[in-house]
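Next up is one chain by itself, shown in structure tokens, the form predicted on its own.
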């Protein structure tokens, strides 16, 4: 309600007593009355232009609720005159006269009167009345105690609070305050304000009686979030959402343009993975090498180190939790640990009579896990000492290996169609069973979901929080002979990306399962994809054509602030600065 300028609002304001406190939730000072409180305890309606009970084209918004929530927002924003004018012109008071009186009594410290008024407001739930009474009388107790009126405080506790017969543990705690000389307890009591009590009462009383704080803001935020989540292409931290228009992003938010082709490998590239901070990319190849690529401040990648030493093709890599070291796994050979800054091999992990097929880091960074071709899983410290092992049908010759962030559950393909979730502390086992052969899997960043690639050209999304269940299926990519890997990615991991034997990269919207893009460019099977966790506009794909493609936005004007960039610069979607 604008245009009121400096004149006083039509409603007269009652004065708070000298006991009123500063910092009311509506922003008014302690010497002003509760918002919406007029001299006759009721806003006076002006002649109405209509008797419509609802507003909006759908007929679902009740006019009275709508006006009250707007008035509440105006007062919360500090527009007290506008709020008062809205109450008067609409004839719809923010609060009833009884509620206004109740709030005023709370701020004035008229505890007995406020409890009496509370009973007259007309609350249907007696338990709410008793709980609210408890809070009010507790405040009365504390103020007596702070005023060193110990006997009055004790009387309030025994004669008024205890008979309510609720929260006996809190009553015992209040009793301890009387006999305690702990200064910390005294400070806790002194810091409690009446305005804080009003906020607590507001949460307790029905919203029809006292509208929750920031209710309008909550409704608007909820609407924006729902629009954002329904948008199949939302993938930008910089995207401004406006109240003026419904939110909708275009495909220009999805990395779909080849920005760079990396050609340093001499044979098929089987695996790629960005570091956790997004500064590096590691690739593994059939040429028996791995390469660490550095993401420059201009968004372009360059070779940092070529890692040589394996005697067989390198099947996978794994970044340490702090991104300072890298594991590389040879095909049924050994695992090597490298220093990312120098490119030096720090340790070789081998086990006589067995080949290593998979690897991952413990979350603490002090141990590594390895899958062996004898179907066991082994745990080593960084110096190569075996700390623990789990034998039996724990893994297959070709298997991914993951461990949850808490370090409790180990995930591995234990049978052709089964992923095992093994608790290393309790030895409990949970299983994800598919009807088809599982070729690979990927764990979400929050450890709540598992992406499972199948032989029949489907990718299944499993919720693994308690009893595992399928919550999504993705189709369209091609897989006939090779291991094809997929990944989570984009802003809040809202997308699924996968390689494919038809030389394309496929991208789906995670929640809707809609296929968004099929990206051509490679001339051989795409074996693996990795989405930069620090830049939702950067995607990497590894192919049998011996190249790695870096994908970005198909536009020149949009930019993304890479907070992890080495130079703290701004990355444009086309890789420029």
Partner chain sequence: MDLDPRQYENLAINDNDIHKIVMSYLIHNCYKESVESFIACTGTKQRVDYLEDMDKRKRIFHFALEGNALKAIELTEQLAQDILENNKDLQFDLLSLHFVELVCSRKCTEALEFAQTKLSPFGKEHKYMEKLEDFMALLAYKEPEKSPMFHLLSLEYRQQVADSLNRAILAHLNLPSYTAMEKLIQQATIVRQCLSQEAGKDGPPPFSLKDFLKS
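Since the model is a prediction, treat every value here as computed from it, not as a measurement. Positions refer to the first chain, counted from 1.
The same protein also has a form predicted in complex with its partner chain, omitted here; what follows describes it.
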{"item": "Its partner chain contact at residue 157 in the model of the complex, heavy atom, 4.5 Å", "value": "yes"}
{"item": "Contact test in the model of the complex: residue 150 vs its partner chain, heavy atoms, 4.5 Å", "value": "yes"}
{"item": "Exercise: residue 179 in contact with its partner chain in the model of the complex, heavy atom 4.5 Å", "value": "yes"}
{"item": "is_contact(residue 168, its partner chain) in the model of the complex, heavy atom dist at most 4.5 Å", "value": "yes"}
{"item": "Residue (of 175, 202, 227, 376) lying close to its partner chain in the model of the complex, criterion heavy atoms within 4.5 Å", "value": "175"}
{"item": "Among the candidates 128, 162, 348, 470, the residue which, in the model of the complex, approaches its partner chain to within 4.5 Å (heavy atoms)", "value": "162"}
